[in-house]
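Shown below, as structure tokens, is a lone chain in the form predicted alone; questions about how it binds or moves come after it.
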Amino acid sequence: MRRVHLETLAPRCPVCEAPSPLRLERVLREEREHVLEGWLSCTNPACQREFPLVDGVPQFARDLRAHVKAQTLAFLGRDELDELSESWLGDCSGPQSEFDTLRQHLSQYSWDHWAEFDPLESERDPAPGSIVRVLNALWRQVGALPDGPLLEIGCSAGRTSFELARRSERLTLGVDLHQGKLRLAQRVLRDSRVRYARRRVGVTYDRREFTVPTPAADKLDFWSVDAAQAPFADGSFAAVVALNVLDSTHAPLDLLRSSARLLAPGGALVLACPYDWSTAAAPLEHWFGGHSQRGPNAGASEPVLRSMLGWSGDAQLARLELQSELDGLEWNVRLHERSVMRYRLHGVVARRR
């Protein structure tokens, strides 16, 4: 965690109802301008809740116990093991284990975010970097913005947050809830190196490690934040970007409301989504479409999202106005050596009135 981001963004306690600022209570380990271990605490005497810093990532979870319990292995993750030692751990843990699931997720997202800089990566189609191409296509629709920092919700392995900081030259914050991806993004931020296990087939992985460019790294940081309960004051950001998050959160409507609240007047909300709905992420009742094909939208998701932007029945959403749409944006997720999922994303840019 960078101190400049803490001071500028002034996060508030996500637990107590009072808008209580958090203070850096204790620093246990620091490296250059990055606080790596320690904790922050709520300044409200009636709350005094603590929020730890782990591997440079502050953990701003309202239910910290559930947050840690759900991904204990990711918090205890280590990458100093030799590739062969990691291999037998994978063999012994087996498919569908927590270890296997964690490695698969890191392989999929690290590949698309960073593998274009891997000298060992093949140039055959599909090429990595599709998420950056999606961002660039949508960002060209944004136009002028008010003063203020940028927020990326669901930053994953971090590449798009770097791109936002580079393009805008503004203070930028990437937030996610996946500790493994945030740890990787923080290491890239500090060392400009990517180190991950690239899945070949089954539980067979190849260790990849390479240097990557990190322009505007001094303007960037990565935090663990539940975007639906973001601990920031209203109007804190000039733009909020959320790529492939809407269908991956428990409450998509709350994500939209929170994004609208966080935008300054004139700010831009940039969304992209494949509408890959699953009850593993959200109950069917919370989906934007994907059901009720007998209704007026025939189950389509796009018109539901349009109707949410500027909805007069909600104080937060009424502030948003749809500015532009792009459809058919290609996003590739590499599963293994012989399998890549290709999504066609629906993207929108909305403006805060």
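Note that the structure is predicted; figures quoted are calculated from it, not measured. All residue numbers are counted from 1 along the displayed sequence.
The discussion below concerns the form predicted in complex with a small molecule, not included here.
Residue I131 is the only one of L106, L271, I131, L262 with a heavy atom lying within 4.5 Å of the small molecule in the model of the complex.
Checking G148, G77, G154, G90 against the small molecule in the model of the complex, a heavy atom within 4.5 Å turns up for just one residue: G154. The stretch in contact with the small molecule in the model of the complex, judged by heavy atoms within 4.5 Å, is 240-248, chosen from 190-198, 240-248, 262-270, 94-102. Each of L177, K181 and A227 comes within 4.5 Å of the small molecule in the model of the complex, counting any heavy atom. Interface residue remark: L255 is counted as part of the site for the small molecule in the model of the complex, having a heavy atom within 4.5 Å.
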